[in-house]
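Only one chain is included here, represented as structure tokens and corresponding to the form predicted alone.
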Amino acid sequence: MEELEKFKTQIAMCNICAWCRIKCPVYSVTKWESEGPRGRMILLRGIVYGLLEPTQKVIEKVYECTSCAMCNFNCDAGISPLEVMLGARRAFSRAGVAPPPPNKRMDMRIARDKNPYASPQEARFQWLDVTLPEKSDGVLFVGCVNAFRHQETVKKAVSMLKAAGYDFTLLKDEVCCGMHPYWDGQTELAKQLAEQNALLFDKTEASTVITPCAGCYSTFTKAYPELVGNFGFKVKHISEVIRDLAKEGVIELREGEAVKVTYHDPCHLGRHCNFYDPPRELIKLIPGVELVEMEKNRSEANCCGGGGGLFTLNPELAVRIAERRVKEAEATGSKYLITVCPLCRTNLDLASKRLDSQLRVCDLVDLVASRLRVTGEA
């Protein structure tokens, strides 16, 4: 497996110290050595040195990862276990032995329908009730989870930006950003989707892509330059845009119920993109809202369990990981658990309901919209 051979040196450098394992969200729940980064490195060492066959059971262990990047932050040998894991997934995919069946079915749906929900493309923007220009300097890329599962939230975002007079449009032909196949090692499919979106961005004559999705954000900033090559668009998370509009006085955030909230850092915004401050700054601009940090936050924030394709492969395990995060949030005494990732929101909400928690999980856009007074021109 040539793709995996590229990582032979990194695999050999792993000193089996277990610092990565201590922080791994999967291992912290299952306690199985093979389901932590150290165990995966041991398995891959066996494969690259010809001591182990890439059986379906071994491959599944490589896919039992949330791509949270905590292992990278805690690697005493200074290597990137996450990069090795992605390389292994690509090698297995090219060899035709991966992804595991649930992930493969998901990627096939994305290839066929351009979204993971087997919904027709025309349903992506059925919720849109405003007229936007065909061309603009900014493109709001909604993303699949928001477009098909959290329409009310993204409707609020569109209404907020339009009422504030912000220059933007939407891609009526928007397709999946490609995050799921990218992390499954299905590089060619991810490349096709990236090229399709990049062409759509070009047609709008935009310079900036705005997204309310942490996964789309990290895919545009980290994967698209690799997949497209000349991807030259500036990428912003919507929390940055709304924060700036509030600071400039274009939108006014009014006083309301005094409430405590806590904020969950999505892994693909935080550790992947070093994006921590804009959501917090926006929360602190809302009168009457007190931000209480969880014990584990920013680069140390625990994962929600939903990323890296784990929610597809093993949703039960993903929700069990999310339960740990909900309990951390409950310990802050907050009423709301806020995030800026629709997949984190989905998984944390499932965990909250399972725990019968009084904590309410919501997107930062929903919190802002509940306190909004627009002062700019529409």
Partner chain sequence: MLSREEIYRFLAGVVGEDDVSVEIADLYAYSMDASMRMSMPAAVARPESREEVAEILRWANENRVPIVPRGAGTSLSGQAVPVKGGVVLDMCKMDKIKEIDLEDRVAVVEPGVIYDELNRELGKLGYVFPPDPGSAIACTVGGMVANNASGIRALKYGATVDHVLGLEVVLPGGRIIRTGGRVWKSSSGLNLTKLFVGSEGALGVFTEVILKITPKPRYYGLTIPVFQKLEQALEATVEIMRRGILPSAMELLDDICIMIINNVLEEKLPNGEALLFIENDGYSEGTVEEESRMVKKICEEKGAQKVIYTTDAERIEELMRLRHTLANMLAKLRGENIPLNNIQDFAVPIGRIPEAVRELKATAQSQGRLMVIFGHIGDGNIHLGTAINPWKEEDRRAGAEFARRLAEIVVKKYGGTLSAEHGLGVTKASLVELEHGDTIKYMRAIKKVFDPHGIMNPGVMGLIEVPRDEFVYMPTRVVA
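Everything numeric in this text was worked out from a predicted model, so none of it was measured. Positions refer to the first chain, counted from 1.
What follows is about the form predicted together with its partner chain, which we do not show.
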| item | value |
| --- | --- |
| Whether Ala118, Leu170 and Lys172 all lie within 4.5 angstroms of its partner chain in the predicted bound form by heavy atom | no |
| Listed residue that, although its partner chain is not shown, lies within 4.5 Å of it in the predicted bound form (heavy atoms), from Leu317, Ala69, Val58, Leu313 | Val58 |
| Segment assignment from 89 to 97, 252 to 260, 146 to 154, 75 to 83: heavy atom within 4.5 Å of its partner chain in the predicted bound form | 75 to 83 |
| In the predicted bound form, Leu355 touching its partner chain (heavy atom, 4.5 Å) | no |
| Non-hydrogen atom contact Ile22 with its partner chain in the predicted bound form at 4.5 angstroms | yes |
| 4.5 angstroms heavy atom contact with its partner chain in the predicted bound form for Glu33 | yes |
| Touches its partner chain in the predicted bound form: Cys362 (any heavy atom, 4.5 Å) | no |
| Sequence-ordered residues of 1 to 25 touching its partner chain in the predicted bound form, heavy atom within 4.5 Å | Lys8, Thr9, Ala12, Met13, Cys14, Asn15, Ile16, Cys17, Ala18, Trp19, Arg21, Ile22 |
